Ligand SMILES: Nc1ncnc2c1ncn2[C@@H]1O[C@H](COP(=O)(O)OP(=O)(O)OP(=O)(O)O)[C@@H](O)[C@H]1O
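Next comes just one chain, in structure tokens: the form predicted alone.
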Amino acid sequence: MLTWVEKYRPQKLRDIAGNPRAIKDLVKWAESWKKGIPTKKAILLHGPPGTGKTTTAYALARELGYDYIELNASDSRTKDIVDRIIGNASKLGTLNPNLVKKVLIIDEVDGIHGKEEYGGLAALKKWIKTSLQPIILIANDPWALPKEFRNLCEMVAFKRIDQRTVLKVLKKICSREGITADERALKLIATNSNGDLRSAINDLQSLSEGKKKISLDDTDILTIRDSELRIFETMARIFKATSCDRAKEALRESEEQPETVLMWVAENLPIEYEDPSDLARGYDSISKADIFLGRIERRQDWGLLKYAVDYMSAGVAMAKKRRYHKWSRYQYPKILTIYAETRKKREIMNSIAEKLQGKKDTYEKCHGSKKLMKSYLPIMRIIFNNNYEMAAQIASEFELNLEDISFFIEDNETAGKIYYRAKELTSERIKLKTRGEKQISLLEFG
């Protein structure tokens, strides 16, 4: 099944959302090849993820009738491979007589580094100087590339896509998919994407999984997204990494909390790794990372954090025997979905715990933490379902409202009876207090 990003990927330049000036500059550079070989034989499209750089490159090739050869981040980009693929292609014409030229597309060129891809960037630099074919380079961070490399290229910046444009695209996809969506929900998805159209479409598809209607409440889970580096991208970089340094770099640049990353890695490990032995080693690294995070929480020894980070990033990346070149559709951790779905329940539990304590920070009714108060809730549930009068006395004493009582009793009618009986008891206690008579309290002993 195609992802919506692929399904609705624009095939023509005019259909690409945002960055009209960047697209115009790219077309102008490409047209210059029709007059001969230009001074700058390579063009570097750079900018944040999800701004249409790769889509624009492919659309350009199709629109100009050019064949294309690609080399992306899932491919190894060693010196030998760059020489064999890019070197040969830059010198030879196309095999298709109907296509005048070919264009060479190298994605994530700023990610060519490390021992595994040693010499790849130098080889690419050499072929740019002598190429007879146009070369389109794509990078998120052009400043990670050497200055002499950048000087060989025409630089074209892609900016984040404005929210109105993202919203327009989301509405169009909803219309084509037959989805009814609350406009407030779509606006939140667009805002949360921070100008990354790809992540916005991925969010929309995730939220609409198995249903044809999206409400504002469905967007609660989006709060786990990071505004700078999407967690989906972090997962891909960790799982696809072939060196410890690149895996740790992915986690470091994500700026996500280690606990959150660990949940994502644990959820998506079986989606990415197919070999049972790879899975076993991966889960072993995850379990060790979890142990260190637990020790940090208990001992407050933050010096252990580096070990947890190493295990959940480099440990998981190095657990595989081979690199998986497939595309994996990563999923939100189920635990986070459960948190979103049970948020209301947890809010009620916190409210009841505070009422059991009494006035805030004074513990005028029960002396203990909210955690201790919550441990009483199962006992209270038993009382509320088996002793009507005692339940009403508790509700009166701790000023529980109908929503609090309904937390313990699913039967709305019974909950209502307890609530109104509690109000009667509260009224009686107020009358006794007014007359100066002694009040009977559940909190009195002896």
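Whichever C-alpha set is largest while still superposing within 1.5 Å between the two forms counts as the rigid core. Since the model is a prediction, treat every value here as computed from it, not as a measurement. Residue numbers here begin at 1 and follow the sequence given.
From this point on, the text means the form predicted together with the ligand, which you will not see here.
Annotated contact segment (heavy atom within 4.5 Å of the ligand in the predicted bound form): 46-54, selected among 414-422, 46-54, 59-67, 394-402. The listed set Ile201, Cys153, Val82, Leu145 contains one residue whose heavy atoms approach the ligand in the predicted bound form to within 4.5 Å, identified as Ile201. Proximity of Ile231, Ser254 and Ala317 to the ligand in the predicted bound form is absent: no residue of the three has a non-hydrogen atom within 4.5 angstroms. When the ligand is considered in the predicted bound form, Leu104 lies well away from it, no heavy atom lying within 4.5 Å. The ligand is not shown here, and in the predicted bound form it never comes within 4.5 Å of any heavy atom of Ala22. In the predicted bound form, the ligand sits within 4.5 Å of a heavy atom belonging to Asn140.
Although the partner is absent here, Leu356 is not a contact residue: none of its heavy atoms lies within 4.5 angstroms of the ligand in the predicted bound form. Taking the ligand as it sits in the predicted bound form, the stretch 261-300 never comes within 4.5 angstroms of it through any non-hydrogen atom.
Here Lys240 counts as shifted, since its C-alpha moves by at least 2 Å between the shown form and the other one after the core is aligned. If you fit the rigid core between the shown form and the other one, you'll see the Cα of Glu249 move by 2 angstroms or more. Relative to this conformation, an increase of 3 Å or more in the Cα-Cα distance between His325 and Trp127 is found in the predicted bound form.
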